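Just one chain follows, in the form predicted alone, and it is written as structure tokens.
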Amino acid sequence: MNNIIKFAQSATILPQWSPIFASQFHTSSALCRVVSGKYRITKKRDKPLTYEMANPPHYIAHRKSWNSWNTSSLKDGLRKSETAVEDEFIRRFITGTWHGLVCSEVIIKRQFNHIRVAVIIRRAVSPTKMYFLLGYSEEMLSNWIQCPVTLELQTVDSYQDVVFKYI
């Protein structure tokens, strides 16, 4: 009998509190986890990572290098957007020209009016074709960007030589 009286009393109060019950406001504790920029561990642990990929993003400039070294992104730097577009163009041009041969990230170093591009590639083509691609890439990039461009290549036998660990 007491339960029926309590229900009747709550039924008369319920309509005035219905917006609060309808919203059902929930809170939870904040998770201070950094998950962006990290690679997920696979079930078989067969995904290869290079040294650059194996380090999480918060190790940039400590253990991991910058993929583009320039001073235009500093305060009052000149040509911020043009530099970013040129860097992306260089990366896409190199991976497209050296199709299937690039084993690591394309590192771009700018010093005054000179651009140096560092890449690790596989030895899957003949040396004459490699020298042709090297000269072609440097000449085309120099003409498009209007400053001297130098490619610094290192070669490995296979992609497995660049693998740092498997996740």
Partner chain sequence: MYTNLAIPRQWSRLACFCRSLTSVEGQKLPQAGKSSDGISPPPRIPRGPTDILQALAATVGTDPTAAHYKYHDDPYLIPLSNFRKRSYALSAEAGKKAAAWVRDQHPELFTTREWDPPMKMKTPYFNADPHIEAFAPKPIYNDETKVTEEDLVYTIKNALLEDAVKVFELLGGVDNVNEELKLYFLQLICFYNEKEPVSNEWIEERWFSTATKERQATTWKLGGLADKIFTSMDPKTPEAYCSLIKGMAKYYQAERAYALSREALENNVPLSTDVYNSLLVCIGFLKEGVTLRIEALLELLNEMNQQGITPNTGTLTSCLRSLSAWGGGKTLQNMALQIIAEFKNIGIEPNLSAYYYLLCLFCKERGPRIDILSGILTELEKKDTLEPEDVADTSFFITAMSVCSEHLQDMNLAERVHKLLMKGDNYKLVGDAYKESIYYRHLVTVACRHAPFERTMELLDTLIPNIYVPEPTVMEEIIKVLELGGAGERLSETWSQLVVFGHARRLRLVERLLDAMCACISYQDEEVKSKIRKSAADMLKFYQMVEERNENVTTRTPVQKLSAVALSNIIDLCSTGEEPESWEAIQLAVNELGSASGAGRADVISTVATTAAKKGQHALAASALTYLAECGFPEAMSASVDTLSVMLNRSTEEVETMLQGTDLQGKLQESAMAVVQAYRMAKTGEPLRERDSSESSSDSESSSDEE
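No experiment lies behind these values; they were computed from the predicted model shown. Numbering follows the first chain given and starts at 1.
Beyond the structure shown, there is the form predicted together with its partner chain, which is absent from this document and is the topic of what follows.
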Which of 118-126, 37-45, 50-58, 99-107 lines the interface with its partner chain in the model of the complex (heavy atom within 4.5 Å): 118-126
Although its partner chain is absent from this view, report whether E82 comes within 4.5 Å of it in the model of the complex, heavy atoms only. yes
My question is simply whether N143 lines the interface with its partner chain in the model of the complex - judged by any non-hydrogen atom within 4.5 Å. yes
Can you check whether S158 is within 4.5 Å of its partner chain in the model of the complex, heavy atom basis? no
Even though the chain is shown alone, can you say which residues of 129-149 have a heavy atom within 4.5 Å of its partner chain in the model of the complex? M130, Y131, F132, L134, G135, Y136, E138, E139, M140, S142, N143, W144, I145, Q146, C147, P148
